[in-house]
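In structure tokens, the next block holds one chain alone, the form predicted on its own.
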């Protein structure tokens, strides 16, 4: 089969690397891709946010058998619906289901209605009413832009002044554009043993009838060591989560995952694809922090390398509604991804810096913001690449990743040195 993956970041490179292992894949394509995807797939220069252009391309290329729509924006736009309307087979939710990520207000109301555990919250489209509510509630408090904001639309405010400034930034200054026209304000959840709270990402495959959790991972969101600095799209990940147990998995399946799948069905918005659960362990049990309607980035970089089952087999089973027929298996051990970013990320940064790569051992370099210019590999984004290493445990994997990091250079390289060090039990 010929498979096209839509997107141009690290997540898409990681998906292509997993698909490349399939004996059933003949050719891989990536729209638009990056310098890393170009090494294993044919990059296609089409704007995937232009659904007419994608439709035109798909009609002109009948040799492509299957499409994977990976990023949140085209999913929210309804790209899967467009491709299915011309008879193309896809992995990814339709527009009516992708709203679970595209609108935080929708997802919070869904959880309230179906009694899925999450933080208490209120939604506002009026700045004055939101400000009044914040002053009444006090701090700490969490502000979330309703729409998509590249993983950066959440502000955790420790003081009332921070909350007032954050509210202005989101709703009046439009720091996240139209995503901030509506805002969700919620209580700050407390972790069971650690502060800030203990978060875990659990991606899942679902065809709307069956839901199968993948192995767990933990994301480091803040820009700097010790969880300091601004929120980013993710500065690194590791798998598995240290505090995850079979008991927690059972609790999450019964109280969160299956109820969410059933709730979406009840709303007439059947979700087929990768449903991502951002969760927190609290004294009151596991609670939902957020949903994503796709593979996480950089979670995918540590989850898919551990997958033993053919990814294309799983994708097609989801499309065909026969996920219950697939036995999904994982490798034992651990995986770590250290994200290398451009200096100044996530605020402002330069592009076009030449990347020099030495010996990286058996680590995998997952490209995100890279390009080829005048025959040289250069930076072309905020998060440039992820260094992915496997090991018998997280400590071994992180040592291998950081040893490889020492042999990668460009002007202004920025990365955290504490990826994989958190939530260590005992």
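Note that the coordinates shown come from a computational prediction; the quantities given were computed from them, not determined experimentally. Numbering follows the first chain given and starts at 1.
Here the subject shifts to the form predicted in complex with a small molecule, a form of this protein not shown in this document.
*Asks:* Determine which one of 165 to 173, 87 to 95, 342 to 350, 179 to 187 lies within 4.5 Å of the small molecule in the predicted complex, judging by heavy atom distances; exactly one does.
*Replies:* Residues of 179 to 187 come within 4.5 Å of the partner.
*Asks:* Name the residue from 280, 248, 116, 212 that puts a heavy atom within 4.5 Å of the small molecule in the predicted complex.
*Replies:* Going through each option in turn, the one that passes is 280.
*Asks:* Give me the residue from 142, 99, 77, 323 that has a heavy atom within 4.5 Å of the small molecule in the predicted complex.
*Replies:* Partner contact (heavy atom, 4.5 Å) among the options: 142.
*Asks:* Can you tell me if residue 286 lies within 4.5 angstroms of the small molecule in the predicted complex, counting non-hydrogen atoms only?
*Replies:* No - in the predicted complex, heavy atoms of residue 286 and the small molecule never come within 4.5 Å of each other.
*Asks:* Contact with the small molecule in the predicted complex for residue 314, defined as at least one heavy atom pair within 4.5 Å: yes or no?
*Replies:* Because no heavy atom of residue 314 falls inside 4.5 Å of the small molecule in the predicted complex, the answer is no.
*Asks:* Since only the chain is shown here, I'm wondering whether residue 272 would be in contact with the small molecule in the predicted complex (any heavy atom pair within 4.5 Å).
*Replies:* Because no heavy atom of residue 272 falls inside 4.5 Å of the small molecule in the predicted complex, the answer is no.
*Asks:* I'd like to check something about residue 207: if you look in the predicted complex, is any of its heavy atoms closer than or equal to 4.5 Å to a heavy atom of the small molecule?
*Replies:* Result no; residue 207 lies far from the small molecule in the predicted complex.
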